[in-house]
Structure formats: structure tokens, C-alpha cells
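One chain is shown next in C-alpha cells, namely the form predicted on its own.
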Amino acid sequence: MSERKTPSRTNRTQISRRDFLKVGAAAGGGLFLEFAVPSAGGAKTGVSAGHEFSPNAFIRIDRKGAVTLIMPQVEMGQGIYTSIAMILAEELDVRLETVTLEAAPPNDALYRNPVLGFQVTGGSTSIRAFWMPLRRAGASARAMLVEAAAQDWKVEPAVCSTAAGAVIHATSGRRLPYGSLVDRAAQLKPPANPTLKTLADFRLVGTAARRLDTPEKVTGKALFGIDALPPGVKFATLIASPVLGGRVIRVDDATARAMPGVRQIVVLDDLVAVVADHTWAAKQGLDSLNITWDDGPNANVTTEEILEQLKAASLRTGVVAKSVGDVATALNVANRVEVTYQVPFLAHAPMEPMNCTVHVKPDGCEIWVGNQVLTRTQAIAAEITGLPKDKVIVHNHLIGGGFGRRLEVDGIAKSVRIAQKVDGPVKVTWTREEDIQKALYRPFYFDRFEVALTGAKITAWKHRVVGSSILARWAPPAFVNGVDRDAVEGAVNLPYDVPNFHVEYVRQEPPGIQTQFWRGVGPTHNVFVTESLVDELAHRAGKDPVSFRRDQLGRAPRLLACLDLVASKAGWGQVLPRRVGRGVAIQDVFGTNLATVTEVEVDEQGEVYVKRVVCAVDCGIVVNPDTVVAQIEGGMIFGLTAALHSEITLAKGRIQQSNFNNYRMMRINEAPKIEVHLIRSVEAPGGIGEPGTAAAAPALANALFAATGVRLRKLPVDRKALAAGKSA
């Protein structure tokens, strides 16, 4: 695997492990194929001079037969560098190991995500978005290569086949490798509707393939954003106002300026940065600064104040997100349940610290970064510098954990502003404390329910979702009629047969804090609150939680199959020891059906031990089963970490958490055994990066109720409540 090259490190005086292990890659001339991503009114492709298709570039084949995929999505551990390459290799009929990757430059017109409408990696859409475009790209290229060979042999293309990067004429035994055909193929017109392989003909898709990016990560050749070292680079770290909206009053930097290695102090209105010969000198210099801040209007904001505002907002009538039947009438029954749930602010805390390297010159700007929204990166740099977009060059890199944090460009903006004050390139790196305390966070949500039970059936369901709107800020056109579709995802598509159903959304923006997408987005809160409540209703109705769900899934056969499989594999119904319990949760989000059973043990002090997690997954056609399993496992650990340990709180306008000591991760000795069972399907692929995260909290909470009788209606897990036997 190779990716877009970063400027050389040869200016360094020492040889690093990565430099020692790196190997070069050769490139040659050849055939360049481009295909339009299908969209409403999108233009069809054609052949242009210079052996290129137009207008979008996904494939390059050289005269040696080497295939390069121009990757429109960003690899941040989810495995798409392998899975998307598998889709292309399948339709193109080449060996997977012969495909190398090059990160696409910022260009919405060429590399937009057809699900989300611009160049972005997120929302578990990579495979869903590029499943058909990459299949068509590969199939069209294959058809042109076959036609080129058929012309050479003076036979009909229909009597030719392909395998392992070659065109074959079985009757005569002739065989031509793709590399020998690229010049002739480049002169041909691409087929308007290339014939795609049938599922029965797949040789690669659906098989377990090793990650193609692993060797370079092991050898040190792979470059993450934090590895960028353009010639002459200086190093910086920064501190922003500890309170959102605060400003710098004055800076005493005398001590910092006298420190070895410190070169420059950059003071902006809302932040201070120290530029040095290396990051440690920059950090030491930053720690020595004496900064006086004006905290601004958010100096006294607390979590308690935000919660009270959310509670008050939950009493208001919201904007209707979905309504079926007559909920008001159906709620006028004796067995009516009214409850509230809440989930906290959450940070992303990616393992690769936030970083961005920038070189601002009078005639251009160059950026090295790992980011999920490249064109927004380019646009914010152009806006700040006043340069045209085409003068802003962005080198994208592998990402060491995104989780939604790198869907934002606030860090790029700060880095560009700092770089404007520095002569030459500067790498800005955030400390863990700076990232956790000055970031954007998963929203704090408060949910109010009114539900009616008739026997063992849910006959009325009213759900009011209260929280901030990410979409109103991040993608205003998607904030339609006052409803944030992300905030209600997983709530409006409740899978059960409920005849009277009503969901409202109340937008309540918290003071002193900004919110953004977090791995699993809206479903991380909605699946928790809805599946926890369904579990409550099952117990109120005197029904087994699995049976209660099964009886109300008439509209969701794929999800029902997941539920039946997971119950069987988990041994649901077996007698368990005291204070050991199993909980179940189901969901249909991101185009994927998932059922989860979690087994926990709770000691007398309320400490929780997650013993086992079993998942049954129907995500449609599986490209790489190893990736699906890994993503469910990783998402589950991410979600369990949040449910067990995580919350962001404010006091006097300041975030109280700072590092992994007080915003802790699940540790290896705490990790449960995770079993993932995949259901074969011929449906279109669903998303897989986030379903595991959304499934973690509800299955855990329901298991805790089964073990202790304590119903937790807020997160993270309240161990004191579990010890006391009192619902919280």
C-alpha cells in the first residue's frame, strides 16, 4: 500500500526507526481511468486526451499492470483502505495485493461521498456510498480492457474473459496482461452501463482479507498526520481560553523566551502558542507562560445549570419528527408509563493527538493533516489566509482515531492562524489536556417518554428528544423544519409494531460548550434510551425481554432473525448465579441490523464486570468479514468505555476532565469476550463502523437490571446506585 507522499524527511540530522524501515515505491506511465460518482443529474463519463477518463479519478493502471486506486475516503482504523480496494479489485478482476492506494486530494466535484453530498468520511457510509461507484468503475475498466484485447485478437469481446489482471481467450489459449492493453484501452469509449458481476461470481468480496495497510504500519512506512515533517519545520503547541468565548488579556512570556529551543511566542485573541525547535521545548515554554484571561460570558456555567435547562425544555412542545396514529387518545389508559432518561457530554479522546502542520506563504498555503473533511479544511484555510482555494494544497494522511473529532476544522483554523505568524512550516500539536478540555463534545441529551401498555403490547409511544443541534451548525441545509435528523435517528425508526407513535425534537443549545458528532452519533443516545425503556416495559408486562421484543417485530424480519440468533448463541434463558445478569438490545441504524446480548456480574460494592458480549449482525452484503467483526468489537469497547466511565462536566465554565486519569478508557483486563455472528445476506451493504458503539450501553444497562434490579436511566453507570439497590 502507498499513499500520497509527504515531503521528505531527509533534512533531519538523525535517522528514525521509520526512516530506516521505509522503502521506496516506483511509478510509471499508463492508463488513467475516471468515473463519475452517481448522483441526481450527474454527468456521464467519457474518454479524453492523455489516456484519461473524465471527470472523476478513481483508477490508474500503468503499463506494468499496476493498479492505483485514488481513495476518496480516509482511513482511520476502520479498514476501508482494504474493503474499498476489495470492491474495485473484484470488478476489475485483479489480485488485491496488486492494488495500491493514493489519498485523494480535496475536490468535492470529483470525490464527493454520494450519500452525504460532499467529500467526507463519516456516518458509517464509506462502503454504502462507494459500493456501486467502485463496482461500476472496475467493471467499466475491465470491459474496456477486454474490448482492447478483442480488437487485437480480432474476436468478439463476449468470447473473452478476465482473471488475475489479464484478458483471456480460452478457445485459443491466448492471454494478455492488463499492462499491455492500457494504451489501446485508453482510446476506447467507456460503456454507459457496464455489466457487473453477479454475487455468485464474486471471488474476493465476502472472503476474509488481511488488512493491506498493516505492513506499512508495522514497518513504520505509513504516515499519519503527526508524522508530517516538511523541510525546515518548527514545532508548536498551544493553549486556548479555558472558557468558551474567553479572550487573552496579557501574557508574561519572559521565562519562556529564555528557554533553550524556544523560538517564538504567538499571541492571538483567544489562544497563545509557543514555537520551538521541538515539541518538548514548545510544551515546556507553554507551561512557563503566565497568562491572564478574560473568561467572558460563560465563566460560571455548570453541568447542573445545563441539566436544569434541558429539563425545562423537555416540558415544551417540540417540533414533530414523526407521528403515526392518535397518540393522545391511546395514552389515556390505566397502564401508562412516564419516565425520563439522560446521557452526558462525551469527548472523543483519539489516541493520535490532534495535530496540523501548515506552511503559509504569500502565494500559497500547504497543509499536512489527517482529517475527515478535506474540502472544508481547504476552504477554512482559504478563508483565513484570503487565498484562492486552488492555492491551498492539502496532503491527507492516515488518522490515528477520528471518532468524529476530525469531522471538524477548528484545529486547522487555529493552526493556520498560528502559521501566519511563523516564517516557514510549523507543526502544531495539542496536548491531551488541551484536546479534552477545549474540544467539541457529544451532546447532552434529555429524553421524556409517555408510553402505554395494553397487555404485553406497546400501544402508544411518545418520545420528546431534547438537546443541541449539531446539524444546524455543521450542515444547516440538513436542519429541516426545526428537526435535527441526527438527534432523532434511532428514535423515529423504532423497529417495533407500535400503532400510535409520536417523536418530537426540542432544540436546546447549552451555554459554554459546543457539540459535534461522536462515534455512533444520534443512535448512541437514542438506542440506549429506547431499548432501556422497552426492557422496562417487558418487565412491567411480566414478559421475558427477548420474547417481548420478538412478539412486536412483525415489520422487521431481518432484525427478528438477528434477535433469534443472538438469543441462541448467548444461551438466553439459562439460570445464572446471583448478581449475574444478561441484557438484550436490538437496533436498525446505519443500514445494519444488530442484536446484542451482554452478560455482567456486579459485586456488592457496585463494581461492574462485563463478562461476555454476543452480537448477531445483518449488515447486508459483507465485503470483508474480518473488518466487520473488528469494527463491531472496537465499537463495542468504545461504547462500553463511555457507558461505564465517561462524562464531560463543567464547573465555572471549565471542563473538569483532562486526561486518561479522569477521562479513562476501558482497560485490557476489563475487556469482555466478544463474539460476533454474521448473517449472510444479499441486501445492499450497511454501515459497520458505528453500530457496535450504539449497541453497547443499552445491552449493558439491561444486563445490570437483570443482575441487580436497578434501572439506570442515565449514564455513565452509577456504581453507588448498583451497590445500594436503588434505580437512578
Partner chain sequence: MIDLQINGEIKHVDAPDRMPLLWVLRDLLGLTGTKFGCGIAQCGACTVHLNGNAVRSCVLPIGSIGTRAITTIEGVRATPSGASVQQAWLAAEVVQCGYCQSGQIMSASALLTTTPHPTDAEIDAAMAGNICRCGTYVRIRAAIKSAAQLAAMRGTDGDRTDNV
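Residue numbers count along the first chain shown, from 1. All values reported here derive from a predicted model rather than from experimental measurement.
Same protein, other form: the form predicted in complex with its partner chain, not shown, and the subject of what follows.
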{"query": "Contact residue in the model of the complex, from H502, R112, R376, R211 (heavy atom within 4.5 Å of its partner chain)", "finding": "R211"}
{"query": "The unique member of E450, D227, D486, D270 whose heavy atoms fall within 4.5 Å of its partner chain in the model of the complex", "finding": "D227"}
{"query": "Non-hydrogen atom within 4.5 angstroms of its partner chain in the model of the complex for each of A347, V629 and T641", "finding": "yes"}
{"query": "Interface stretch in the model of the complex with its partner chain - options 509-517, 401-409, 318-326, 552-560, non-hydrogen atom within 4.5 Å", "finding": "401-409"}
{"query": "Close approach of V682 to its partner chain in the model of the complex, 4.5 Å, heavy atom", "finding": "no"}
{"query": "Non-hydrogen atom contact A258 with its partner chain in the model of the complex at 4.5 angstroms", "finding": "no"}
{"query": "Any non-hydrogen atom of G179 within 4.5 angstroms of its partner chain in the model of the complex", "finding": "no"}
{"query": "Touches its partner chain in the model of the complex: W280 (any heavy atom, 4.5 Å)", "finding": "yes"}
{"query": "Residues of stretch 670-693 in contact with its partner chain in the model of the complex (4.5 Å, non-hydrogen atom)", "finding": "A671, P672, I674"}
